[in-house]
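Next up: a single chain in structure tokens, the form predicted alone.
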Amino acid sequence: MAERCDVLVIGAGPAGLAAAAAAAGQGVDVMLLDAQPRAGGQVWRHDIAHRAPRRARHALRRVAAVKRHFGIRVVDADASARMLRVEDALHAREFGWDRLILATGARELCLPFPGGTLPGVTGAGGLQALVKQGWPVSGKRVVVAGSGPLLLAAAASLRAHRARVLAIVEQAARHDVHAFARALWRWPDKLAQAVQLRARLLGVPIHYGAVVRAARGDGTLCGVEIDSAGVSVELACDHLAAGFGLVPDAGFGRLLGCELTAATQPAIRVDALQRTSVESVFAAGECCGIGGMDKARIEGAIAGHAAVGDESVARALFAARDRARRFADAVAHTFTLDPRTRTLADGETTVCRCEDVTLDALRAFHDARAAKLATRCGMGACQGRICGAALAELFGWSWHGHPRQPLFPARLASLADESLARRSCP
């Protein structure tokens, strides 16, 4: 028997927490689901060594009375039946909803470069998440590279866990970043955050207009080669955290049939009230377009109020959302990827890690389907979540056809339901 609720929220990051709190405030039955063992998402991921930020604690208190299920993974969803199947560590179960809010967040964009698959090389946000959960970095030499404000946040987290952050390698030009910083007076809270971050990173050099050309090592990472304004710099290190921004995690929306934007890295398309093209399905936060925590929280609140019919309160938040989106636009403009970042890989560089497919093996193809059929690129465990986003940047390939159930790898026991089997098998 499926457990039903009035409003089901998928994702317990800032957007999902705001949506659940807004909907629950109207006295309806709200349920919150997340794959992680605790609420908070990536931004407010539980840190074993440090207390959660004040805003995170406040957001968690607001959903204290909401039904919550953590450590679950979505297997299948049926929008017409308004039914969701998930599994946890032991069981499969079903949830039904009257209104659904997607707050599935984003994934890190990892572009290929020589040595990028060496042990010791991770995404910037990936290493930040590992460290918060106990990965030992005390005394380790770390280089943080790529693009965007996430680099500073990741570097600050690493330093807080006693890592030796040797350098931040930012591909955006110095004058662009400085112009962005001078404009932060328009968003005083962001200016304060930037000042605090720089204070926490005092003494860490930042290389602007620079990229990591290669990671070096024999079996494990021992150093990196940096191209800084045409000058090659070698740094010995134990870890390289390289991330080139974020891409919307719109996979669940695609599964439900939601219309997506036409961008290279598509997001779920929503209207002013965060409604998707599918009836009774809303979306909020990074899955609707990368914009940062403030935008995500406001969109979540709008979606939560709109889902329970309180449109007047939702509309009162439009001005704040517009302001947050203007900041997001400024970030996107400043940290637009330089064409150099798309030419880091050489022919022998591994692009699809799951199936061990190199760049040379992909050059002969004109689209993702042909590449998949001939090389199995994107058909491994991650189902193209990593290499698909990279190839969209490198070649402009669309990697976003209709997904098949199960959405994530699942146990056979979770797939035993006959109705799911009929939907999964053409």
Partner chain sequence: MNGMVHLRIDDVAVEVAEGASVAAAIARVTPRFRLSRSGRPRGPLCGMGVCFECRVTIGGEAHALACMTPVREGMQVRTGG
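Numbering follows the first chain given and starts at 1. Being a predicted model, the structure only gives us computed values, none of them experimental.
In what follows, reference is made to the form predicted in complex with its partner chain, a form of this protein that is not presented.
- For the three marked residues, R213, R340 and R363, no heavy atom of any sits within 4.5 Å of its partner chain in the predicted bound form.
- You can rule out all but one of 178-186, 290-298, 163-171, 120-128: in the predicted bound form, only 120-128 has residues with a heavy atom within 4.5 Å of its partner chain.
- A single residue from the set H58, R38, H50, H69 has any heavy atom within 4.5 angstroms of its partner chain in the predicted bound form; that residue is R38.
- Note on contacts: among G309, G347, P205, G134, the single residue with a heavy atom within 4.5 Å of its partner chain in the predicted bound form is G134.
- Among heavy atoms of I386, some come within 4.5 Å of its partner chain in the predicted bound form.
- Not displayed here, its partner chain is kept clear of G230 by more than 4.5 Å at the level of heavy atoms in the predicted bound form.
- Interface membership of A381, defined by any non-hydrogen atom within 4.5 Å of its partner chain in the predicted bound form, is confirmed.
- Among heavy atoms of V281, none comes within 4.5 Å of its partner chain in the predicted bound form.
- Looking at 37-74, the residues that come within 4.5 Å of its partner chain in the predicted bound form, counting any heavy atom, are P37, R38, Q42, R45, H46, I48, R73.
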